[in-house]
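This document starts with one chain, in the form predicted on its own, laid out as structure tokens.
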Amino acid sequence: MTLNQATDYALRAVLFLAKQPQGEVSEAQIIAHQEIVPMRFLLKIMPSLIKAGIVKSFRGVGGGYTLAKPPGEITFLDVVEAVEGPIAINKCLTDYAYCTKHGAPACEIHSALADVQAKLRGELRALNFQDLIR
């Protein structure tokens, strides 16, 4: 399993915004330049972060982006799921129709993967952006 490049760019953009003074609006061009993110990718990623309530956007002269909430309230899990969707390391964990054994407890594999998935989500939830900027 590999996170896609858009997720890496989204994490970098959120970290950049977390490092700015609270409420400061940053232009997309500055974020893209500082974080070495192609502008076209940044502009595709930001709507997902806005929809997830992680980032706010401002239009017009002086427009740009800022965090929608404090960095300590934004986790890696929030950003990953905003870009990639819900984490599911196997289709059977989101839809039993993909499991010919109809999931746990009949399928030991399902139970084991569910534990791994829960641990991964927990680790990503434990990482927040305030901790990175300290």
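These numbers were taken from a predicted model, which means no experiment stands behind them. Residue numbers here begin at 1 and follow the sequence given.
Below: the form predicted in complex with the DNA, not depicted.
**Asked** Quick check: do Pro38, Pro47 and Lys91 each get a heavy atom within 4.5 Å of the DNA in the predicted complex?
**Response** Yes: each residue has a heavy atom within 4.5 Å of the partner.
**Request:** Evaluate Pro71 for contact with the DNA in the predicted complex, applying a 4.5 angstroms cut-off between non-hydrogen atoms, and reply yes or no.
**Result:** Residue-level check for Pro71: no, no contact with the DNA.
**Message:** Although the partner isn't part of this model, could you tell me whether Gln34 comes within 4.5 Å of the DNA in the predicted complex, counting any heavy atom of the residue?
**Reply:** It does not: once the DNA is placed as it appears in the predicted complex, Gln34 has no heavy atom within 4.5 Å of it.
**Message:** Given that the DNA is not shown alongside this chain, does Gly63 nevertheless sit within 4.5 Å of it in the predicted complex, heavy atom to heavy atom?
**Reply:** Because a heavy atom of Gly63 falls inside 4.5 Å of the DNA in the predicted complex, the answer is yes.
**Asked** Does the DNA come within 4.5 Å of any heavy atom of Ile109 in the predicted complex?
**Response** Answer no; every heavy atom of Ile109 is more than 4.5 Å from the DNA in the predicted complex.
**Request:** Heavy atom within 4.5 Å of the DNA in the predicted complex: which of Ile87, Ala82, Leu67, Ala28 fits that? Just give me the one.
**Result:** It is Ala28.
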